[in-house]
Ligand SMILES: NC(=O)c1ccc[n+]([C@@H]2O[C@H](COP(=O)([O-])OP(=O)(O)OC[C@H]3O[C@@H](n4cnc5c(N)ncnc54)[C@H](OP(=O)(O)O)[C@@H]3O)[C@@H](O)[C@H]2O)c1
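So this first bit is one chain, no partners, the form predicted alone, shown in structure tokens.
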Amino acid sequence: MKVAILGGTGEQGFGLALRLAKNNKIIIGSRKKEKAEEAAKRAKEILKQRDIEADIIGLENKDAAKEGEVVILSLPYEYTLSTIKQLRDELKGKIVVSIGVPLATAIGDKPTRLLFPPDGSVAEMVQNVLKESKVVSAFQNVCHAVLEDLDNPVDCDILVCGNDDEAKRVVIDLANQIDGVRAIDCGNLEKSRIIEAITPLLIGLNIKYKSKGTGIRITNLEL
């Protein structure tokens, strides 16, 4: 599958690129093609050291959105709206994965505080703009440091929600490719309000206990 990661030069997007490259073609997107190409080269070198010949390329965000079958939005909250408004045509009919969280860093405040988007959540905001795309919410609660630590499995459940069951199934299958991950269908897109709100809690726990990267597990659930 061709997976485009818009904003894939950032920490979270780059970590997902590394984890998903084993079984997919990865297209790292950025506002500047040169930056995307540099990130793609770095990712391939990291994976080659582990004997993984990855198919990773870097493109400008618009071209990456065109190429991807599944498009992951790894964008800061404050840039999400302006970016997706410019990419409506490229994202039409596609599965778009919102991994954004409305952290108060968008207004210069602490990452342990949450803002409240008018639409209810980042994912719902994305769906309201991309009305002809199938928006799925996922990957908010997994730390970039854990994703980039390829020597260890990812000890985290991935909470997935969306209004299109088939699109959710595709994203769940994609997430389950990551070693250590269990992806869970949590219901419709409105549940993203709850899932996104978990992230600043985890950030606060990382700070308080000087942790490498806390995650979340749902117990006593048999899928």
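In case it trips you up, residue 1 is the first one in the sequence shown, and so on. Since this is a predicted model, take the numbers as computed values, not measurements.
Note that the form predicted together with this ligand isn't included here; everything after this is about it.
Picking from 149 to 157, 88 to 96, 136 to 144, 111 to 119 the stretch near this ligand in the model of the complex, with a 4.5 Å limit on heavy atoms, gives 136 to 144. Contact with this ligand in the model of the complex, judged by any heavy atom within 4.5 Å, is made by just one of Lys35, Lys44, Arg193, Arg169: Lys35. Contact annotation: Lys48 falls outside 4.5 Å of this ligand in the model of the complex, judged by heavy atom distances. Contact annotation for Val101: at least one heavy atom lies within 4.5 Å of this ligand in the model of the complex. This ligand is not drawn, but in the model of the complex it has no heavy atom within 4.5 Å of Gln127. When contacts are judged by a 4.5 Å heavy atom cut-off, Pro200 does not count as touching this ligand in the model of the complex. Residues of 20 to 48 that come within 4.5 Å of this ligand in the model of the complex, judged by any heavy atom, are Ser30, Arg31, Lys35 in sequence order.
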